[in-house]
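This document contains two forms of one protein chain, each encoded as structure tokens and listed individually as structure 1 and structure 2.
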Structure 1
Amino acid sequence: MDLLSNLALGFGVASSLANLAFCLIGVLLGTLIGVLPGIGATATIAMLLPITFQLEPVSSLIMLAGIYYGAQYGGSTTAILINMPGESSSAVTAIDGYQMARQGRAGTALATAAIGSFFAGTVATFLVAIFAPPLTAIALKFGAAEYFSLMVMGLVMSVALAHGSVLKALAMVVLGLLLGMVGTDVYTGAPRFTMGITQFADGLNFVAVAVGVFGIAEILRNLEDEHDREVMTKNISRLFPTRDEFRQMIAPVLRGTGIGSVLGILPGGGAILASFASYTVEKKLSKHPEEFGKGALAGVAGPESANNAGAQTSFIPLLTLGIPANPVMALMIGAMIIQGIVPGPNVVSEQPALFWGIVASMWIGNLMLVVLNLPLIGLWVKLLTVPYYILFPIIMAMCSIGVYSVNSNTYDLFAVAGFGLLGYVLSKLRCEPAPLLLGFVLGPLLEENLRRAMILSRGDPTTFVTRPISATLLVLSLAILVLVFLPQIRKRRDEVFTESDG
């Protein structure tokens, strides 16, 4: 009963008073930023990253993880009450959730989202506990060629899952990879693309790029058009669903959990895809598909379970391979490196307390979210009435402090402004930022593994296709690329994304 003793170790670590407190801070903060539109988990974690340097490694990762899945919960509240997703993964929830709110069933919708998320979170936590160790064993057999191919697949996935044009998403990945090359070359020590600025010798600061591209660009977009938000507050009368509604949500929650758990593991932003996929499945299976878009309970229960399960299982590639599935996981890698932990398959064996502590804290965090969120819903609703012009100067102040405190480098703040502008321009040109950031993080790793693989194979490029695991991964990536370019799939993909935008 290895699993049980491991989990016991994890719960022992996670339930220490300090770690419980950091978990609580994390989920509260996560819910807060999830509720507030205009600031996402990526930007928040980026800003808080430098501060976690002062904490114990376990505590800091527990808190950051809490922010991430807390934001998934909070995002659904905003989606239901003001028809505006606080997080992109709850975009689907807005479709039927907001309609339920307009019919006076806001309380039911909120409770459904919370219960579905909790169930999915519980299942997914156990999945992480069960599947992470065997996957780690496989990962230990990975060589440079396998890592290279795996990262290629991750980047291709992120292209397939981005909104809009596939070509532009591909270009964003490549641009991200190039930006990741800035700094000193690891093999020869030659400075690259630094324009003679010695402060960029260590590369562009990841936190600065993330805050700029995600945080500042988002603020600028929100400032284009300042209008009042309509909040459905008066309608929250009854929170707990009736027995009949409970029965209606069981099947969608189970299916959503399954879909989310599988898709979350895939690199490239599984949680978002999971909620779309679940919505499509529920609509297909429903006896009353005409109710969808007009306040169907299954349209909230399924996607909400799916995105939370996906958020949870996206930790699997991070904890086993050290490869981020999405920008938030990339930040978690940054947090581990700051703490002197090398992310990868060795974390489980070398730092069992850290690994199992994080896993256990996810379940505790999910429990806290359910217990806290339903009674606190009134408070979150009040927060929604805080006008945006009060919020963004606060966000700007936090950005400046957060980025500067990484390594007291003035140039990092110039980079924030520069990348903020770049991010805004790119978003105006309808280019998604997520592939760029993933490319930026994976760029140096990709190059290093490519060069190492070529040296190991004595310059023979067929090494990538003669090694079975590597070949499988490359074939999969190629298949995905071909699929997204097929006219039929392309049309279907456009439909799914348009549906979520509407």
Structure 2
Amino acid sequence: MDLLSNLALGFGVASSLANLAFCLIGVLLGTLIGVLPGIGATATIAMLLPITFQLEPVSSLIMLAGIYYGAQYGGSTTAILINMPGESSSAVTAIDGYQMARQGRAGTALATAAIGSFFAGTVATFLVAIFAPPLTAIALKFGAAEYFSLMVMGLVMSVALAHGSVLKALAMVVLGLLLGMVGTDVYTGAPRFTMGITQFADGLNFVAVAVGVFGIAEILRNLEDEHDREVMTKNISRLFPTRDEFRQMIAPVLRGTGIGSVLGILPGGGAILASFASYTVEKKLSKHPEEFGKGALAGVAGPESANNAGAQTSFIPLLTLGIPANPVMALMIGAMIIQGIVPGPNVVSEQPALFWGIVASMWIGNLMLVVLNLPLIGLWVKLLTVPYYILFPIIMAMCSIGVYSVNSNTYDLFAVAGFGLLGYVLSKLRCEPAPLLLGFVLGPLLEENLRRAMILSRGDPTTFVTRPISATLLVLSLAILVLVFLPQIRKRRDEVFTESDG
């Protein structure tokens, strides 16, 4: 009964006219920016983050969640229509989705992606509602040592699941941790890494870092790769799948939902692997594996379901532990902190309306995507035909206005430009920025829990290995790091990410 009453509370909050409006605006804005080629969910949220800060906390987070789902939907649309996935998780959708579009089945591919995503989102939303409260109860027993070890494991997972070189991913985490240390020491009041610049005293602006490293850097990279895009729009008249196509997609959607729901919980980006894992499973189970890569319906239904289920369940570690499972959740944590909310298990007990409102809005946002975006597919197709050199100045102006509006500080604009260049250089060096952002967000929390644990243990570092939960988490972190460096595991990891880049 508690679950039903909590869900009723959540739907009461999420279905207020104001929150429904913000969810709708978030979904539409997310799709509008996410449908632009090469711009994924992380870059979209980074760009639109500043516009949510003037809202109430629950409205702000509902709108951000809507932007997330909308951006993912936009990413799959570009993957299917122009073979240009907005993010890694949409890369698998492009393999068969684009081939379906070339065969005149673009409508079926888009509808399959939308229906699979909605079903997976519905199941994953209820999983969040069921599993988040008991996990929160466990998390309330965590002390400073356990939180430190948990964050270490999250950072190690982000390294293990990052694209490319493990050493480069480790370097990105370290750089993120160092950037997170800039500012004034909380305990002593001494300035750290400020280089005498007064604007650094409060630390680096989270919004400026996120918009620069993800938003501006992504625009620069896309300008470099700008080319004529062939948009597959023929025969988008039939959007609803036939009865036979429905039968074909049921099993892949169910399997994808299960795979995504489990992998999405993993800290460090498990949701990204969900779509690849689903595609591999579908190909192995198929009676006609030769159809994959040539327009197989299961090659769209499974990965899209896994992707959306993973996106939803990645909220579980965020809402219960305050640990981001991926870069998007890191942005959500930053938004919560700016709104004055301390991420972690206390959110459920201290702000139940906020917690359950976000959970309920997940389902509402997914419903809005299905109802609104399939009829609006013609609008998104027209947007894809607009040259990028016309779009990018508008996007950059939006980013600049949004970042300036947060603190009304011109320094933040210079910071965005600087981090944009840094993000572009990192992409040229094949360094993935996701571990950097996770390090930047978790760095201050990691340091705070480290120092608190040391103070409570009177300077005894063995407290991290004598407490059972903390010791287990550290052992798991070490095991993951060792496994990643083993030749066989490393080779398999490289194969997976080579497939995703292809």
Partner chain sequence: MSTKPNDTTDIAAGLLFMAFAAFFGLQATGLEMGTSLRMGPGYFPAVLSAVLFLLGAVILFKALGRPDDEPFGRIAWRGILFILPAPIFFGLTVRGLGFVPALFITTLIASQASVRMRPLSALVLAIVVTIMSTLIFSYGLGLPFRRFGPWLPL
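None of the values given here were measured: they were computed from a predicted structure. Please note that residue numbering is based on structure 1, beginning with 1 at the start of its sequence. So that the term is clear: the rigid core is the largest set of C-alpha atoms that superpose within 1.5 Å between two forms.
Working note: structure 2 is the copy from the form predicted on its own; the remaining copy is not. If you fit the rigid core between the two structures, you'll see the Cα of Leu48 move by 2 angstroms or more. Core-superposed comparison between the two structures: Arg458 shows a Cα shift of 2.7 Å.
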